[in-house]
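Listed next as structure tokens is one chain, alone, in the form predicted alone.
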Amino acid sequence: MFDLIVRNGTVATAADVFSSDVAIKDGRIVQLGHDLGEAREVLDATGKLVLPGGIDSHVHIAQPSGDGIVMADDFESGTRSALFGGNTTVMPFCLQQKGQSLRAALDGYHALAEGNCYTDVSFHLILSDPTPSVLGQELPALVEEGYTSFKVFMTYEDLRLQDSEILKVMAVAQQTGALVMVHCENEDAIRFLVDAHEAAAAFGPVSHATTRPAAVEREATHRALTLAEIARVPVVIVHVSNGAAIEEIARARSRGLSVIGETCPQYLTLTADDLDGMDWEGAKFVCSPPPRDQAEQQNCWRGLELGTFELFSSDHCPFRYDGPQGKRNPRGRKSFRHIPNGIPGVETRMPILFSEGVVGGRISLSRFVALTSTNHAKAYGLYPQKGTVAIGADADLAIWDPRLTRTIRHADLHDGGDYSPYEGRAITGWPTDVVLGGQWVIRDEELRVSKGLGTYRARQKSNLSLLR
């Protein structure tokens, strides 16, 4: 007897859409077809879509943020919110602080996650202090243990690496088969613009956008791709927001470089005008890179439609709006420079893309699955264990009602914050049931399990040929 059968649904993968029941035993998918026999539980998916659970590979949870600023989500609230959004795996970042070993950073981060997760998790590393011992000893050893991706920053004074340091990190990636992710913005250009804005007493949230124009992202993207070409490594360009950066990715690919492009909901739905809200409300939309304008929204949509982007992630980076650590009164100083930088979105990522993309006729259902699940698994060494509906894969499923209509209200969401940047947005299509590791964890939009079911997953090295 099977543990669970999902019956009467329409299964969608990144390659195909077909009618099938899904039989599950011992946490794995063991049979596809019809008339599969008996099971201890039966999930009736009549009229619904059976998709692989979402994988959000760009999430910030419980990450140190400096000067007493605390993220709104810990692992309990962050993964709970992700689960209700149809995700079964999230990939947060473990941040190495200056002077800290990678191993110490990971030990602390694992302690925060242990026993608190509603989804499976796997960590990227953030390198802020690439010392000779980190590069020569720690990092290669950790890659072999399954930490097969790491991120570098070209902005934020306390995080950014110089070009020479980035090249050294990329050299380790080339030697070990790891994958480098790059946040592309030119810190020196941003600092020049920040000084000019503050000299002109332009302190409001909208100045965050005008001090980080598309040009600083385009230049840094070009430079990151040039460094990757020199180091002969694949690279992920994260949270791309504009057409000029997209063109840099396309040109690098034409030269033979292996580049993965990623974009996020904020670049499809928000604009810089949102940061110009009344009474500091624009602080709710402060993130980096900032939202652009409607023309750049269309550029990002084209990137999704034409394949420039393989990944659609949330860049969930949650801070409260109100309170002493919030965005409304940042550190007691009314300047855009002190607003906690990031917005929430892990729960709304997939509903927004389904509604605007699939229902809106911009992308196919299979393309939606690829962008929100399968390509993440392929890029980061989790495929075919995760990211697909196939015999032998983990039984991680999201059951979607494609006709269910919702209006996004933070009061209905499950994160630890106090607002959503997508408040009031009408959505068609929403996950109603979620299966994680063969367990029916959300049933008719009600949570059926306690925290701790989700586990940490080590990863294989990336095989980017799977994405082409």
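The first residue of the sequence shown is number 1, and the count goes up from there. Computed from a predicted model, the values in this text were never measured in an experiment.
In what follows, reference is made to the form predicted together with dihydropyrimidine-2,4(1H,3H)-dione (DUC), a form of this protein that is not presented.
Proximity of 60, 151 and 239 to dihydropyrimidine-2,4(1H,3H)-dione (DUC) in the model of the complex is complete: all three residues have a non-hydrogen atom within 4.5 angstroms. Within 4.5 Å of some heavy atom of dihydropyrimidine-2,4(1H,3H)-dione (DUC) in the model of the complex lies at least one heavy atom of residue 341. Looking at residue 203, you'd find every heavy atom of it more than 4.5 angstroms from dihydropyrimidine-2,4(1H,3H)-dione (DUC) in the model of the complex. By the criterion of a heavy atom within 4.5 Å, residue 292 is excluded from the residues contacting dihydropyrimidine-2,4(1H,3H)-dione (DUC) in the model of the complex. In the model of the complex, dihydropyrimidine-2,4(1H,3H)-dione (DUC) sits within 4.5 Å of a heavy atom belonging to residue 317. The partner is not drawn, yet in the model of the complex one stretch among 269-277, 108-116, 153-161, 215-223 has residues with heavy atoms inside 4.5 Å of dihydropyrimidine-2,4(1H,3H)-dione (DUC): 153-161. Contact annotation: of the candidates 124, 183, 367, 168, the single residue with a non-hydrogen atom within 4.5 angstroms of dihydropyrimidine-2,4(1H,3H)-dione (DUC) in the model of the complex is 183.
Think of it this way: in the model of the complex, dihydropyrimidine-2,4(1H,3H)-dione (DUC) has a heavy atom of just one of 288, 385, 308, 299 within 4.5 Å, and the residue is 288.
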